[in-house]
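For reference, the chain that follows is the form predicted alone, supplied as structure tokens.
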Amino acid sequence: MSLILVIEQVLNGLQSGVMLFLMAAGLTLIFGVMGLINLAHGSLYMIGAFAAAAVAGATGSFLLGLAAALAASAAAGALIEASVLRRLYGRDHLDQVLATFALILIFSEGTRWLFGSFPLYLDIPDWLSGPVLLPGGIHYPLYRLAIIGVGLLVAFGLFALISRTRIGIRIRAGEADREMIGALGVNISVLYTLVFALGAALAGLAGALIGAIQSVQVGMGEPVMILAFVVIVIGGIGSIRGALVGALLVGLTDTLGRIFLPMLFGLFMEPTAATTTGSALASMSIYILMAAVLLVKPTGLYGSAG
């Protein structure tokens, strides 16, 4: 096993982790502040990917595609919050699950009606294509490094927003006691719409960025949603720091497990059996990690007991 292979897979794990963070950050904000279980968050990821692919394909500009992804997903998030989800805040979580599951079906069929059933493709721009030479003679795709950089910048921006700004104070206060900040004159409806639009925009950005690596297709958000829920359970509901740490742990565990566990079992098993056993254990590894964290800290790494 070469050091170069290990470093490359660690970078792949970081890239996967920051993408999961963009998904999980919005999801944990929405659940932490509003108490809302939003299964349709993956649909906003899909909307961002389709908007980016459509606009970039029409204009030839990747940056315009990213802007379209942010705008489309934020607008879709604000629309469904104001028209559907606002009526569910005081309802049972089962009602929220059923309503947001219905939104998944609506968004999926609506997207299929607009774009068809065939996948779209989003090209990496020329100025981000090709490999870059890292210390140690490692050649790594520039675009994947750019994704890591964007994800970390967004993380620091969110930390600053939540901890240093007036809107961040209101978001944290709304998470702690929404009735009190309403009594102090804060417009709860506007605050909730802003939080939901922010979370939707982050999901749309993740979808647009990953759309240049994978194909853009209907239903692409559902598998990511499962991982995003694992991330916020590990990190702690409502915690941005927990979402970042949890996402990086999940990304690294999943990526490194899929590469190195079959190699490990290959040391003392037949190649076919080693591949099968290692792949199966790698698929379970993030859930084993989640169970281990919950055994030690039932509220997650940075979750509050309240």
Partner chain sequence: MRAKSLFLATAVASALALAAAPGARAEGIKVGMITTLSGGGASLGVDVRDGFMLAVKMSGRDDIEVVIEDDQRKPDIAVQLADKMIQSDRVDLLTGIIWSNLALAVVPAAVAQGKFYLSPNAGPSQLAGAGCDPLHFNVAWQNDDLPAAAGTYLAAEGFDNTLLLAPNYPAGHDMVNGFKRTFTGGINGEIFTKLGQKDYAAEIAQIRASGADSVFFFLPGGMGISFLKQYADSGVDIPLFGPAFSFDQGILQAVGDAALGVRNTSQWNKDIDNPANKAFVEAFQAEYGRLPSLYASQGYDTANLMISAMEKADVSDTDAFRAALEEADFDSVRGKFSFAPNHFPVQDIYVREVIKEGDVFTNRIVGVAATDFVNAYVDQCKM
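Numbering follows the first chain given and starts at 1. Nothing here was measured: the structure is a model prediction, and the numbers come from that model.
Just so you know, the form predicted in complex with the partner chain exists too; it's not on screen, but the next bit is about it.
Asks: Taking the partner chain in the predicted complex, would Q9, P131 and Q217 all count as contacting it (heavy atom within 4.5 Å)?
Replies: Per the other structure, all of Q9, P131 and Q217 touch the partner chain.
Asks: Going by a heavy atom distance of 4.5 Å, is I213 a contact of the partner chain in the predicted complex?
Replies: So I213 counts as contacting the partner chain.
Asks: When the contact criterion is heavy atoms within 4.5 Å, does T253 count as touching the partner chain in the predicted complex?
Replies: Output for T253 is no: heavy atoms all beyond 4.5 Å of the partner chain.
Asks: Is R258 close enough to the partner chain in the predicted complex to count, meaning some heavy atom within 4.5 Å?
Replies: Yes, R258 sits close enough to the partner chain in the predicted complex that at least one of its heavy atoms falls within 4.5 Å.
Asks: Please determine whether W113 contacts the partner chain in the predicted complex, using a 4.5 Å cut-off between heavy atoms.
Replies: Close contact is absent here: in the predicted complex, W113 is far from the partner chain, nothing within 4.5 Å, heavy atoms only.
Asks: Out of M263, L63, M269, A58, which one falls within 4.5 Å of the partner chain in the predicted complex, going by heavy atoms?
Replies: For this set of options, the contacting one is M263.
Asks: Please identify, from 88-96, 231-239, 157-165, 123-131, the stretch that has a heavy atom within 4.5 Å of the partner chain in the predicted complex.
Replies: Looking at the partner contacts, the answer comes out as 123-131.
Asks: Only counting heavy atoms and a 4.5 Å limit, does any residue of 131-148 reach the partner chain in the predicted complex, and if so which ones?
Replies: The stretch 131-148, when checked against the partner chain in the predicted complex, contributes P131, H139, P141, Y143, R144 at the 4.5 Å heavy-atom cut-off.
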